[in-house]
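The chain below stands alone, shown as structure tokens; this is the form predicted alone.
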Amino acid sequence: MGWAQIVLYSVVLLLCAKPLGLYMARVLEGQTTFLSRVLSPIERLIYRHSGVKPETEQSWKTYALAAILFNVLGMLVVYALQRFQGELPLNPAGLGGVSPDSAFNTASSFATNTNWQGYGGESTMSYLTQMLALGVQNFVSAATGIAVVAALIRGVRARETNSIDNFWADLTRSTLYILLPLSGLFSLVLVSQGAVQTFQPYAKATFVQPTKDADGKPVTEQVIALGPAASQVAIKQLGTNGGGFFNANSAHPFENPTPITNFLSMLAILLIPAALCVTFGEMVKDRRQGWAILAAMTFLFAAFLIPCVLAEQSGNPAFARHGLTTNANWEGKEARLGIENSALWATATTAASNGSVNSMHDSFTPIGGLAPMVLIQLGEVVFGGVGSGLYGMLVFAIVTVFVAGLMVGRTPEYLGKKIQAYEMKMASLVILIPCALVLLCTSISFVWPSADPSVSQAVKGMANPGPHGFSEVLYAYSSMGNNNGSAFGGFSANVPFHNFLGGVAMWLSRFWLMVPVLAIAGSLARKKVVPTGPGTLPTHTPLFVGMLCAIVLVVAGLTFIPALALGPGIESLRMAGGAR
């Protein structure tokens, strides 16, 4: 039944991709949709009061500057709301201001669509902060990603122009016509299934049988955290934001109460990234191109999903040696969801740069934990974040045609545009910056001394020694360095050192990638379209899909295999050999 659910999930996802993708193409082209009668007046009102002229064309530099300044402002607002939340309303639990280092890390995290959380939501953030700071950023950071990929698509199809359209119009349309309607609908479904959405203060439940706390003092009641969770859960999934209203994330029954919400949440994680591939094909007037990119993403996703499920089903061989009746690894998983749904969520959330979890990756087997870790390290290209996944894969497509051109001695072309030195330099930055950030930040954390000079910052935060502890640290900085946001667990990162280093990594990995992507868009927009000839490499065939997947895997393998060998590799060998 678990495998049947995975097949059903894949079929539903691919069936939903086409209609949504075609709808988003109309939205990004400024065409009329079935929601225009209701939303167009609101769109015009936003333009009028913000002073935006949507018909004004922007160069890639102006577009990039607008995107960065908007997100810098958002980051400052999120930081301020956290610091002053103790004096602001909608704080029934009376929570004080967030510490400066944690507030900086969280502001960087949510402004960059990472949503890494080093804190427990219900014990740190007020209702107002959750909604006005984190919830708003869930929308606009996702909309920024859609806007940037729309600009890249226009650059690919344009002919001898300096314009890639208007950032403010793309941001507004993505939020108003795509993210808000989908989130509103999904929120209603979540509430109907039991997800909480309330401004009431935290509830208290009296124990039927009194118990004692860790200090031996009697305890007669439990405080149950509540809040406007359903609305934030909807956009965190649809916007590939991740994070959690509650510390347990989507393993919490108030966020993910039933099998229906579990299935729909997993569907929401990959829905927009998959549909954007169809949008790409529609906007470049060749749907085969979009399906080829979607095929590459789907193949890579399956290549990591299947081993993850099998590893968790096989479990720990030590179980059999001790006479247990099953080897399956149930540790860290919700019994109500099962192994297959846990493994599917783990791979979907790390493939999509989402970061939400319904099980604890720290409790996965070494190979089971390896799959989501590598999906992060591939660099937001297997579906990836909303918008960022597609523009990441398109950059790899540019690299693929360049490599193919070298193999046959021809000038590489992609959709009629010659790929030359400038595009390759920018593509190299997009591919290599996240890799460098992950490895550098992990290395720095292992050599930077803590308060005890004999213990590094990384070792101090590890809950487990040896290779598993190394995996915890590597996963953390892989997540932050690739704007994913999920956590392996077992690593205490909410300290000034990791908050600052991780915050910087998240910011650089978002905007140092976004700028060269827009530079590629601007460069391609200025070029002439080269007619297709007998020597042109078709970029919609199974051959090209295979080459694209191979390039993605080779880049990740050459970069991370040594580090992975020190963590999951050694741990897997030790587990197979019976070592504890």
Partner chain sequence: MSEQAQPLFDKSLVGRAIRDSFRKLDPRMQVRNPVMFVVFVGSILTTALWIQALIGKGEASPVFILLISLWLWFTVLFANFAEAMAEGRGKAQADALKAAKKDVPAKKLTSKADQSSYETVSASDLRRGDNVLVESGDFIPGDGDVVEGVATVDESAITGESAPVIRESGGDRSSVTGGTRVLSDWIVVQISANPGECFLDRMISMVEGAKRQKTPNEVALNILLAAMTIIFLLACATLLPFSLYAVASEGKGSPITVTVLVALLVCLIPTTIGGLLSAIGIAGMERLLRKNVIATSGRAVEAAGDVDVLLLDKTGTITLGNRQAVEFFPAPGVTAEEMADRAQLSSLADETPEGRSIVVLAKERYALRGREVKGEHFVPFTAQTRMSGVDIDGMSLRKGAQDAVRKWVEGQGGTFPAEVQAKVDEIGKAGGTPLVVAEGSKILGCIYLKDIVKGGIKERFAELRKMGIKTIMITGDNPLTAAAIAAESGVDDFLAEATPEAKLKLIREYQQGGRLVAMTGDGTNDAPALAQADVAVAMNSGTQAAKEAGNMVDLESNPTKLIEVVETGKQLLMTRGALTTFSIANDVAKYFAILPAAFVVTYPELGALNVMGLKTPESAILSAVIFNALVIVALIPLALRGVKYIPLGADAILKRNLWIYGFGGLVVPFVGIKLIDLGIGVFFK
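Owing to the predicted nature of the structure, the values given are computational and were not obtained by experimental measurement. Numbering follows the first chain given and starts at 1.
In what follows, reference is made to the form predicted in complex with its partner chain, a form of this protein that is not presented.
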Interface segment, criterion being heavy atoms within 4.5 Å of its partner chain in the predicted bound form, picked from 468-476, 365-373, 193-201, 236-244: 468-476
V399 near its partner chain in the predicted bound form, any heavy atom under 4.5 Å? yes
How about S123 - does it come within 4.5 Å of its partner chain in the predicted bound form, if we only consider non-hydrogen atoms? no
Is F446 close enough to its partner chain in the predicted bound form to count, meaning some heavy atom within 4.5 Å? yes
Closest heavy atom of A451 to its partner chain in the predicted bound form, within 4.5 Å or not? no
Here the chain is shown alone; which of L35, L65, L537, I46 has a heavy atom within 4.5 Å of its partner chain in the predicted bound form? L537
Using heavy atoms only and a 4.5 Å cut-off, determine which of I260, A205, L88, L440 is in contact with its partner chain in the predicted bound form. L440
At 4.5 Å, heavy atom to heavy atom, what parts of 526-553 sit next to its partner chain in the predicted bound form? List them in sequence order, or say none. K528, V529, V530, P531, P534, G535, T536, L537, P538, T541, L543, M547
